[in-house]
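This document starts with one chain, in the form predicted alone, laid out as structure tokens.
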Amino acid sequence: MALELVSENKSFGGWHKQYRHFSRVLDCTMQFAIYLPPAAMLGEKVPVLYWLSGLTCTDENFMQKAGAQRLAAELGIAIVAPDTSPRGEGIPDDPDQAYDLGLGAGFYVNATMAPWCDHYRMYDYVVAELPALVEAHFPVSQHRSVAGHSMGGHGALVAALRNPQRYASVSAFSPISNPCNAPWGQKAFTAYLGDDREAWQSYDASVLMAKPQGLVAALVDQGLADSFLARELHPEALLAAAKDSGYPLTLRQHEGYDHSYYFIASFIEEHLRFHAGHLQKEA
């Protein structure tokens, strides 16, 4: 697959780059960002943290707002940030142009319902197609971790829970932890997957964590001033599932913090160090 360089910026001795490519899985052109630390510039194969962003976001939000490059450079970790849904001419969008369905709201599932099923296969894209592309074109290893925020936190947890052999660790900020019982999740799952709630469960982190296929160290941070906490996020369901199954989940709750990138920037260093520790064990 050919990569088209969109932009590049030197950062902390490494490089932040944006690329465009055609995705066979999504049947459209996609864009992603990658931060390559100085070690990668010297030819060393470095591990990768995949970052999945939330509703309305693109590949740019995390890279511009989280302040992760300095420590990623120090730790020798590459960061890859994909877009949050397919985009472009002919890609279906919510007819009401709502922010929580369609463009920018792929929910990291493989849609099975029309008109979404021809393009909205973000689960396969972030779990398989994009990592294969990254590993073929950049000096990175097959040691991977995954993280995300909100809808992306849901995506990261689901990816790790369904593929424990692929990831050394998983973390999330303010994830949609129990989408089967949250308005955001119910709306997206009904559109993308249909009315069969059993099909929804394979994309619900709380359901998956209750009966894990394997164990991946997990860190979740939740702000207690988050306006979406009670209605959409349900971290209590994730914690209950982990307690029932003995899953290695650390869930931290923080007074005063909201759903924004101010929250992410405040604790991203701890998440990067968490992943670095587990990636080093894999190496």
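Here the structure is a predicted model, which means the values were calculated and not measured. The first residue of the shown sequence is 1; numbering continues from there.
Separately, the form predicted together with another copy of the chain exists; it is not shown, and the next lines address it.
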item	value
Heavy atom of each of Glu255, Asp258 and Tyr262 within 4.5 Å of another copy of the chain in the predicted bound form	yes
4.5 Å heavy atom contact, His16 and another copy of the chain in the predicted bound form	yes
Contact label in the predicted bound form: Thr56 to another copy of the chain, heavy atom within 4.5 Å	no
Proximity of Met63 to another copy of the chain in the predicted bound form, heavy atoms at 4.5 Å	yes
Close approach of Glu8 to another copy of the chain in the predicted bound form, 4.5 Å, heavy atom	yes
Segment assignment from 42-50, 243-251, 23-31, 65-73: heavy atom within 4.5 Å of another copy of the chain in the predicted bound form	65-73
